[in-house]
Each structure stands twice: as structure tokens, then as C-alpha cells.
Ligand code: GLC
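Quick setup: one chain, the form predicted alone, written in C-alpha cells, and binding and motion questions come after.
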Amino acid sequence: MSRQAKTTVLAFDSDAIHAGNKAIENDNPALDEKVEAILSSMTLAQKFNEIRGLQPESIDGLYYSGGAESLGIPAFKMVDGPRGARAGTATAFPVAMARGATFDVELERRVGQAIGLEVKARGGNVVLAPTINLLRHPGWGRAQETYSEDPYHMGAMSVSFISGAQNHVLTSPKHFAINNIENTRFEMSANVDDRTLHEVYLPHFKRSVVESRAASVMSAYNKVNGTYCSENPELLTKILRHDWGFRGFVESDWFLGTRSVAPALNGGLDIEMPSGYHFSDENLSAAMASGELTEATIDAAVRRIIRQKFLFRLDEDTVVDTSVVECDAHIELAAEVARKSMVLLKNSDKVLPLDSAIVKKIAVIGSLADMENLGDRGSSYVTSSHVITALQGIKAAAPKMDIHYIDSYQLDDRAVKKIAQVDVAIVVAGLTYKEEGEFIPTQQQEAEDGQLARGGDRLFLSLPPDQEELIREVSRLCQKTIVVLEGGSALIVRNWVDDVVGLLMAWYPGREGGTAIGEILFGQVNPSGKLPVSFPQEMSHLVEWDIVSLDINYEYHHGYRLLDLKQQAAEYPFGFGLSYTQFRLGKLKVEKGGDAKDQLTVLVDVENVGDRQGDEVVQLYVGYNDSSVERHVRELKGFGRVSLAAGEVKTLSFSLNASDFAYYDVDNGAWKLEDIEYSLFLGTSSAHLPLETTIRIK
């Protein structure tokens, strides 16, 4: 009997990811003619109006920009949205770092679609997302808003969100560029050499612009090599427009995001948000009168702006039923993301999933267990009409279980006695908006029950001391202690992790997060998340973390790349995550050719050798042998998520182009491919790569 052919799964299906993206068909002569006709009929006052926001405060969550009714030019209506529309109530999805942990590009496309649709339903037409600043250090306050420490992973997730959202609205990936320190972001300069800039900090922005045709880009507050990003011609004009062919517009970050008039517009900034502090009629007229600014420069900005308005057909009156906001499909999508994002980090003696036939009494401990903990309260803050906490999810997953809740991180005698009597203790620990998040200087006061931001960068990566002590104390009282962590990035767990038998990273898991926690702990869902950030054993293993200085030199290596260089093991490496089943990778096969002559296809069989359904994420890394320049030991160049029934085998297919092996040649200002031997590694984390082969590319 012949064997049944195995299903082949594309690690990244470009056609499927970009389906419906309104910006993909960007070359449109008729549109360009329409734009030129309108531009030629505009008065200077109307042009000025297009390049600035209209009011410093939002109206129903929306920030307006431009528009001229007499000419049929609609206004932009911008709204934040890294984890959901920030306008009224909306579906609060897990934060982007959690979604990065899914390693599921198709899922992130659907999240982009849902957020874009809810933004449109709330009256918006530009979603200020995704945040794609690289996680250089996990202490960054806004780590939760981004996807990853790795530029390839970041790029794959960002283009998926952008193309999904641009089925409905314009997107604005942010913050361009190298904005990954929060407390000093308004004045600090990120100083970086050209190779590090192009190879580490820009590839994901490039993919967002070139592949998914992001409609706009938001410039960053900070400086790069001494020049503010909002007036940096190297970034906004040479790289973004000349090198990458960007045809959209650039808007500033809010308030302090614009620092000048002529230098900003000449450098490539198109819109000052949220209002015209610098781009006022008086300032613009004075700059033109002095010769610092020309009308041709104004025209270039206006042309880019109104072109996107008509490309996305904002002049057409389309009404979206507001019932799509928090509709059943979006709530289920939020639950699916939460289930796929949680990372099982430790499972000694297979204590998980919990077996109700054995476990009869459980203690759930910690005030976070019954707290709505969606993430920071800065610009990405989302309000949902209902949020399921960890405690509620645990109770729903085991309705007949004897569950005792201890709402404290300090144990009294009664709590000690109760914990000593249970079969399993579950400690819910972690961080809130008070420990990490966007830093807004005017809103740093205490806000116990309010909605003000606090956040900022984390100086240390450990849990608060009272939580660490609680975990150690509970583990002394109960042999089977499991910790559920909430937070936006890596945590150092070395002080207590050996004392517990189970560890689940839940991130800030969105409105349905509690349900997912309960389902995973009791085995109704098989955990499948993978870490998009390395969990170090101690801070000294990472890049130096300086959140005070205003000049920071950026290194070529960080994250797992730095750990590889130092030959330093992570506590839990990038890409790591456990499952309730087991997988086996088959032989690695490389085929030349494909859609392009310089393309390679990498094939590997993935088999579920366990006894239950599960998802595995296979990762492809490239190493460089005998390179003439400094390279990373190895770096991610592909990943694919495969869902397998028990005993099932599928073939995973990766595509690599010659450009994936190139480095940025500073002397020539171009990418260069070396005639050397390259190593291909496949495995299930940056530290577990059992399959290896070498190739040579001419």
C-alpha cells in the first residue's frame, strides 16, 4: 500500500498574507493624475492645512488632520491601536509581545483585520500601529507594544498586521527609528554605525514599506546620530523614500515629535501632530519668506498626503456597523491569540496539565490573579466592556474543583494553613502598568483606580521583592507550586524558578486571557507559544542598560545574538516553549530554484510523535563561515508554525533569497553577498538546532 502524500505548509505564504491590502496596487497613473489636478487647484492656505493636525485633544478618541470639503479632500482621523482601537470600548487583544509569541503570521493578519475594522467602525481611518521598534533590551518600558528582539521575526509579524489592517484603514508603523529607551526618549541620541543600522534596526521597517506598502510611517521622538528623527534626511528621505521607494507620508509623534519648521519639512516630515505648533500659518509663511522653505517642498508633502487619502478611497462614504466592535468573532479571535501566545517554560514531572482525577484542592494566590491586567495605560491603552481574569478562567476550567483564593502577596497564618493542605498552589505574579509602559511625564502620578499612564523603563528585570518571597514561601508549603507570570517582556526568574514545578508566561493576555490560562493549566488547550525575547539568567548577560544618558552607542549584537557571541546560556532562549506533546524533525533538504533563480527552498518534515494534537514552531537560522566582516554567530531567517494531530507528519517549506545572506557594505552603501560557505540550522529555539547543513551561494 502506497504511503499518503504529506501536506506541505508554507512557512510564509506571501499571497495569503497580503490579500485585500488596499495599498498593494500602488502604481496607478489615473490616481496620480487626479492628485496633480487637485494639488494644482489648492490655495497655499489649503496646503498648509494638510500638513498638520487640527486639535491637540482627541474627539471621541480620534485626532483629525487636514481635509478640504470644497475640493473633496477628506480628513485623516487617526487613532492609536497596537492592541485594539483606543476609541470608546473595543476588543482588547493580547499585547503585541504576546502576539509575537504565537509565531503565527496568519493569525496576526487576522488581528490586523479585526483592529482595522473596529477602528473604521469608530470613525477612524488611520491606525497608529504597529509598534516595531526592536527590543534591544527587555527593560524597555514599551516592550509589550512590540513583537520581538529579532528583526526577521519582527518584520514577518509587522507586515502581516499591516496587510490585514490595510484591508480597512491606513496603518502607521512606528517609531522610525531606533526608539527603544523610554525615559529619555524625547532628547536622547541613538548613535549607530551604518552596518548596525541597516542590518539590525531597519530591516523590519523596510519590509513594512516594501512588502506590505505601509500607508504612512510615524517618526520617533529621539535623535539618531545627533539629529532628531523628525528632521533627519538620512532616514526620512534617503533611506525611506529613495532607497525603499516609500510613497506614503510621514507624521510626527505627538507634541514633542516635531522640533522645527523648515528642517523638518526639508528633511522629509509631512504632517505635524496633533496640531500645528511649528507648522502654523505664521511659521510656515516666515520660513518661505526667508527662503528656508519652498512651496515645492510643501507640494511634495501634500502630494504624498492626498495620494494616500484617495488610494484608500477615504473620499467615499463607507459606514461600518458599530456592532463589529467586540463582536463574537473578534472576542473569539482574542481568545485564540491568548491560547496560542502563552509559553510553557517549565513542567517538571509533567505536573501540567492538571488532572482533576488527582488534584482536588487548589490555592490560587496573589492579587494579580483577580485583576484586569491588560498592559500599560499609555497610547496603547484599550478599554474592553468585559475582561476575564486568571482566577475567573481557572474556576471556569475546573468548576467542580475546590479552589481557595488568597488575595495577597503577604501570607497570614490562615493562608499558610490553607496552602499546606492543597494539592496544587498557583501563584499569579508579574507586573502592571505601574512597573512598565509608556513614559508620559505629565501623567506619572499615582493612579490606583484611574486611567493615567505611569510606566517607564524597568531598571531591573526581576519580580518585585514581595512576589519573589511569596513564591519561595508558597513552594515551601506546597510541593506542587506553579507560577503564572504576567508582563510585557523578559523576567529574571533565577532566584526562585528551581523551587517551583511549573511556569507559564501569560504576558498581558487581553480580555480573554483568563480563559486561556485556565484552559492551558487544565489541558483543554495544548500550550504552543514560543519566546520572542530571551529570558536571561542575569542582567550582566545583556547589553549595558542605561536609561539616564542622552547619548547611547548601539551595538551590533543584542538578545540571543549577544548570548551566542558570549557563549552564555539563557535561562529560557529565544524561540523556546514547551508542549504537552512531542515533535520530531525529519531530514533537512535544500533545493535550488523556485520563484526566482536566486531562491532556495528549505524543506523539513515535522512529526507529532506524542499522543495529542499540538502546534510546533520550527525556526531556520543562518550562520556565516569565514566571513571577511563581523557577523552574528547565527540569526533567524525563517520560521513556520505547523498544527499536527497525534502521529501526523507535515512538510514545512521555507524560501530563502540570496539577499537573506548578504551584509551591508558600508564602503559602497549597498548590500554584498560573499562567496563563502553558509550554515543552515533548523530547530525549535535559538539554542536547540539539531539539524544542520552547509551551502555555498555564487
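Counting begins at 1, following the sequence as shown. Remember, it's a predicted structure, so these values are computed and weren't measured experimentally.
A second form of this protein, the form predicted in complex with alpha-D-glucopyranose (GLC), is not displayed here; the remarks below concern that form.
K.L.:
If we take heavy atoms and a 4.5 Å cut-off, which stretch out of 468-476, 218-226, 157-165, 359-367 is in contact with alpha-D-glucopyranose (GLC) in the model of the complex?
P.N.:
Comparing against alpha-D-glucopyranose (GLC) in the model of the complex, the contact stretch is 218-226.
K.L.:
Tell me, yes or no, whether Trp254 is in contact with alpha-D-glucopyranose (GLC) in the model of the complex, where a contact means a heavy atom of each within 4.5 Å.
P.N.:
Yes, contact at 4.5 Å.
K.L.:
Can you check whether Ser379 is within 4.5 Å of alpha-D-glucopyranose (GLC) in the model of the complex, heavy atom basis?
P.N.:
Because a heavy atom of Ser379 falls inside 4.5 Å of alpha-D-glucopyranose (GLC) in the model of the complex, the answer is yes.
K.L.:
Any chance Asp615 has a heavy atom within 4.5 Å of alpha-D-glucopyranose (GLC) in the model of the complex?
P.N.:
It does not: once alpha-D-glucopyranose (GLC) is placed as it appears in the model of the complex, Asp615 has no heavy atom within 4.5 Å of it.
K.L.:
Does the 4.5 Å heavy atom contact test between His330 and alpha-D-glucopyranose (GLC) in the model of the complex come out positive?
P.N.:
Looking in the model of the complex, residue contacts with alpha-D-glucopyranose (GLC) do not include His330, since no heavy atom lies within 4.5 Å.
K.L.:
Even though alpha-D-glucopyranose (GLC) is not shown here, does it sit in the model of the complex so that Val250, Asp270 and Arg307 each have a heavy atom within 4.5 Å?
P.N.:
Not a single listed residue reaches alpha-D-glucopyranose (GLC) in the model of the complex, so no.
K.L.:
Arg561, His153, Arg207, Arg185: which sits within 4.5 Å of alpha-D-glucopyranose (GLC) in the model of the complex by any heavy atom?
P.N.:
Flagged contact: Arg185.
K.L.:
Have a look at Glu231, Glu486, Glu512, Glu438 for me and say which one sits with a heavy atom within 4.5 Å of alpha-D-glucopyranose (GLC) in the model of the complex.
P.N.:
Flagged contact: Glu438.
K.L.:
Residue by residue through 158-177, tell me which have a non-hydrogen atom within 4.5 angstroms of alpha-D-glucopyranose (GLC) in the model of the complex.
P.N.:
The stretch 158-177, when checked against alpha-D-glucopyranose (GLC) in the model of the complex, contributes Lys174, His175 at the 4.5 Å heavy-atom cut-off.
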